[in-house]
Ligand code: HEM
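Below, in structure tokens: the form predicted alone, a single chain.
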């Protein structure tokens, strides 16, 4: 009897919500909304388009509804733009209006409701966080201070692969060793710390917790509870797991890195070269930010700097393995320009084909194909349409860079395009068809680190090894795994690395 009453109560509540929403719509503000599929009460378009709103599915919808369309996902408005002109409008011309970030129930947990830099709303907090992070992370001076460390880390990767007897015959999942390299690159910058091996217990803890954070945040599984708040109670276990993972990560960052660095600097004083966290702690001591903000900066770097660059390196290796003629052409450029000398950071700017390979990798295999979502805090206009306040704005940067109306044979991996018909296009947002790091106020400042690290890593690997698929395979698998924002390789393949004599 109690169960029957509960069912009737839930049904009555559901009907009441539908009626309330319908009445609200009839009485509310009249908007000229962008085109899109017709929404139904409560669910909107969720039942029509589903949870999986990856870049390819949104591209299919753009082909049907146009370069700008609206999806009503439960109570959330989602606007996708897919043309260079509209991307310029969102990211640059109206960069202030659309400069905030929309979060969801999971990202609210992982960012402390926007206490970080990446997911905070546009305003004073974001400007302060961006300023505090720029000096220790995102300047040419920082690159010059850290480039020798990056070169040392890829040198260690080369030695480890050379010393692995199976690497030249059966192959090795080189991504695992490159993951350690990327952690060392960034943790040296942040804390002046590195991990000696893939078996380092602290590295293993970090890798597991960061991997779990990425899995939980990038999944489409929780969308229903984010779109329709009355369904959120069903996310209880999922959100509890997110909270537990977040708490463990923040505690690890604090206990093993932040507090240890504070103890070290308090005993040794300020002599010597400062690492990034020292500058950020100084801002905390001045009262500009609090310790939570410091820890969320560490959280951002763990995800935005380490994982995204690693994905791009892995995609670059995969394309070079599957296109041996391109790999050979790149090797010839390196040999002709450098001889037996190993590539260093200053060399990366003088090797046009290497840069073309990197840009082509970022074009075809964009790590963040929808960029980080934008949001307008207030009602706005875009392309003659009304955009209600707090709409989620997605720029389909992958489609901008892979639309055959704008690119010659975009489905092909062809670095030559950036030396021929697209020779003036750079990765810094100078062309709104190609936005791997976004553009405008909320563009990714990590480009200044990612590009040289990509160049040094791919360059050293091609200099020292012939990279091949495992025995019996003509190519390696490049099936995509798309997430809420990301695109990486589904299966991490064995790569045969035959050493070269230089």
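Positions refer to the first chain, counted from 1. The model shown is predicted, which means the values in this text are computed figures rather than measured ones.
There is another form of the same protein, the form predicted in complex with ligand HEM; it is not shown, and what comes next is about it.
Only one of the listed residues (446, 37, 50, 470) places a non-hydrogen atom within 4.5 angstroms of ligand HEM in the model of the complex, and that residue is 446. Checking 110, 126, 183, 253 against ligand HEM in the model of the complex, a heavy atom within 4.5 Å turns up for just one residue: 126. Look at 282-290, 209-217, 369-377, 398-406: in the model of the complex, residues with non-hydrogen atoms within 4.5 angstroms of ligand HEM sit in 369-377. In the model of the complex, no residue of the candidate spot (323, 462 and 464) has a heavy atom lying within 4.5 Å of ligand HEM. Ligand HEM in the model of the complex comes within 4.5 Å of a heavy atom belonging to residue 438. In the model of the complex, residue 312 approaches ligand HEM with a heavy atom inside 4.5 Å.
In the model of the complex, ligand HEM sits beyond 4.5 Å of every heavy atom of residue 331. In the model of the complex, at least one heavy atom of residue 308 sits within 4.5 Å of a heavy atom of ligand HEM. Contacts of stretch 276-302 with ligand HEM in the model of the complex, defined by any heavy atom lying within 4.5 Å, are made by 301 alone.
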